[in-house]
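One chain is shown next in structure tokens, namely the form predicted on its own.
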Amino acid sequence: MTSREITYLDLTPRAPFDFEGTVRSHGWVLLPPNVWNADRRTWTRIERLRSGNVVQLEIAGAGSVAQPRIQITAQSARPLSAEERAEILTAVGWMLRADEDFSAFYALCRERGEPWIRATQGLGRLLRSPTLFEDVVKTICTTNIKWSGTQRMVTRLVEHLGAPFPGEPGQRAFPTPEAIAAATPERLRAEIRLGYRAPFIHTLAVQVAGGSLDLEAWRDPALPTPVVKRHLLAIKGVGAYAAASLLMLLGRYDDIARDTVFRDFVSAKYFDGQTPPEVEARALYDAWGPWKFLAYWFDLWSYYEP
């Protein structure tokens, strides 16, 4: 058995913070390499660091909503350098939105009372990936397909192209742009079964791996949302729905991904099962201003949670 180095790291997120509510906030936790461990209430993930070191992260919430802590247990084949430790802390903080300020959203929730006030107990954060590349690939895999199909595609991507955790080849990280670029579109279509998405994802990987496309630059909060949206829509395979989803993952909530889930939900809750005109459906959350996507998401979650 491969020997293991164990490193313990801590993060202190901005309060209030609900760890489980954040990790399980939407479907990303069900896509590899993410795993939710229901018995231990922890989240695990295999991560390939910039150094090439592949580590297993087990992440847990500690403390309380008002005084939260995030505990990270990193297993690796060799001791982690200071740079690798810092990279892990940055990645986990980004995925869990540890520093994001939701006070303005919570103020609007308090004005509206129940059920919105529940969100003020540390909810509102939606889990994302450590890189925008991973989020774009996964989002493209959600288009024009049932959720079970998305899970199958992402699982195959990780199984076939992800770097393995030493000694446990069944546990793999999300593939790097270089790994996907090295595969052919034909392999992505036939072996991983990405269908029409294969050339889109391959082209994206080639651009990112080659340095002609810097997705991570779009994290910059100083960039106007319309500019970021225009960049996203320029990616082949990213349409209006995918762009709105990716803006949400970047912490920009002023657009709603109007997919079949949105249409079915607002039809059931607000229009007696009838399909509403697009303008009326969109107007439902206009009063939330820059928080409209979060308002919709929490509304959806509260409606279906029971």
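Computed from a predicted model, the values in this text were never measured in an experiment. Sequential numbering from 1, following the sequence displayed.
Keep in mind that the form predicted together with the DNA is missing from the display, and what follows is about it.
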Original post:
Tell me which of 105-113, 142-150, 215-223, 82-90 has residues with heavy atoms within 4.5 angstroms of the DNA in the predicted complex?
Top reply: 142-150
Original post:
Here the chain is shown alone; which of Phe271, Phe265, Tyr241, Trp36 has a heavy atom within 4.5 Å of the DNA in the predicted complex?
Top reply: Tyr241
Original post:
Ok, Arg118, His160, Lys236, His231: which has a heavy atom sitting within 4.5 Å of the DNA in the predicted complex?
Top reply: Lys236
Original post:
Can you check whether Gly195 is within 4.5 Å of the DNA in the predicted complex, heavy atom basis?
Top reply: yes
Original post:
Does at least one non-hydrogen atom of Ser64 fall within 4.5 angstroms of the DNA in the predicted complex?
Top reply: no
**OP:** Tell me, yes or no, whether Glu58 is in contact with the DNA in the predicted complex, where a contact means a heavy atom of each within 4.5 Å.
**Re:** no
Original post:
Looking in the predicted complex, any heavy atom of Asp259 within 4.5 Å of the DNA?
Top reply: yes
